[in-house]
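Coming up is one lone chain in structure tokens, specifically the form predicted alone.
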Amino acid sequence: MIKVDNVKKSFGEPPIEILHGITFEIPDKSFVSITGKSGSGKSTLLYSMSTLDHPTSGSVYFDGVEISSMNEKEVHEFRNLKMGFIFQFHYLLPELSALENVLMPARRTGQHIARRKRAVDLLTEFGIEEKLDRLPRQLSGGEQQRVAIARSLIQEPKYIFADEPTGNLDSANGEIVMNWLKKATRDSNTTVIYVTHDPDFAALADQKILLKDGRLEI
């Protein structure tokens, strides 16, 4: 379970508060959307929850453990083993093949050899088994995002954080991506939290977090 307790986030000097005391809980194996108008704090909340940034105040707990109680090494290990990340821009390494990109998180933990079959299986499931050795520039935008999703799943993480994962895709590819993410919660017992501005994709969630001006809308 993820628990977000009175999280606030400020930027700048003098500080401007972007998140104003956000509190909620997310049960395991949930498919959760974060929505709201531009500037409402969606991505700020996602990053503050996911260890990629730190709240100005308040706490984030994963299975009862407060992230701020971990040292840097423990956070790094937790992130590598328990979390997957997907962004609007896929951030694939241009000099690596599709297969090598998928295996990057496993390489960081020394599991890339053991995880190679899983990587091939994921790319096969995503319909690009014939393009394992292609570089990112040799793939379409939809194929690149599928590689990014496979990369996020390679370590079988408990949590996936996705920031506008369909923002760079057409509607058909966007629907494919969202269906695969939804499938991850069902097949891999993964909790997926995603930011989206698309009401149709937000409607797929079984828990919806709506922000307005940095506050939780009930």
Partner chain sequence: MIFLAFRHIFARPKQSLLTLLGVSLGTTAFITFAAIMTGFQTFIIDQLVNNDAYVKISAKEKMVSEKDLNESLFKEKNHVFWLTSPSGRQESAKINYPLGWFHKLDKDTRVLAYSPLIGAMVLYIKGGISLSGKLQGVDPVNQAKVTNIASYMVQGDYQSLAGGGNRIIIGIGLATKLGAKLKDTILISVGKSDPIPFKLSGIYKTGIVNLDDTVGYAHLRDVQSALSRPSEITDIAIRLTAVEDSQAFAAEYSEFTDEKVQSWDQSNASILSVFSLQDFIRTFITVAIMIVASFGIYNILNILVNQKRKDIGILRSFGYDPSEIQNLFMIQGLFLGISGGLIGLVLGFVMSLYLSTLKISGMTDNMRINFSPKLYLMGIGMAIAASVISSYLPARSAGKLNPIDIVRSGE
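Numbering follows the first chain given and starts at 1. Remember, it's a predicted structure, so these values are computed and weren't measured experimentally.
The following text describes the form predicted in complex with the partner chain, which does not appear among the structures shown.
- In the model of the complex, no residue of the candidate spot (123, 180 and 196) has a heavy atom lying within 4.5 Å of the partner chain.
- Of the heavy atoms in residue 173, none are within 4.5 Å of the partner chain in the model of the complex.
- Although the partner is absent here, residue 105 lies within 4.5 Å of the partner chain in the model of the complex, judged by heavy atoms.
- Although the partner is absent here, residue 76 sits close enough that one of its heavy atoms falls within 4.5 Å of the partner chain in the model of the complex.
- Taking the partner from the other structure, the partner chain in the model of the complex has a heavy atom within 4.5 Å of a heavy atom of residue 53.
- Contact with the partner chain in the model of the complex, defined as any heavy atom within 4.5 Å, is confined among 28-36, 186-194, 45-53, 165-173 to 45-53.
- In the model of the complex, 151 is the single residue of 147-166 with at least one heavy atom within 4.5 Å of the partner chain.
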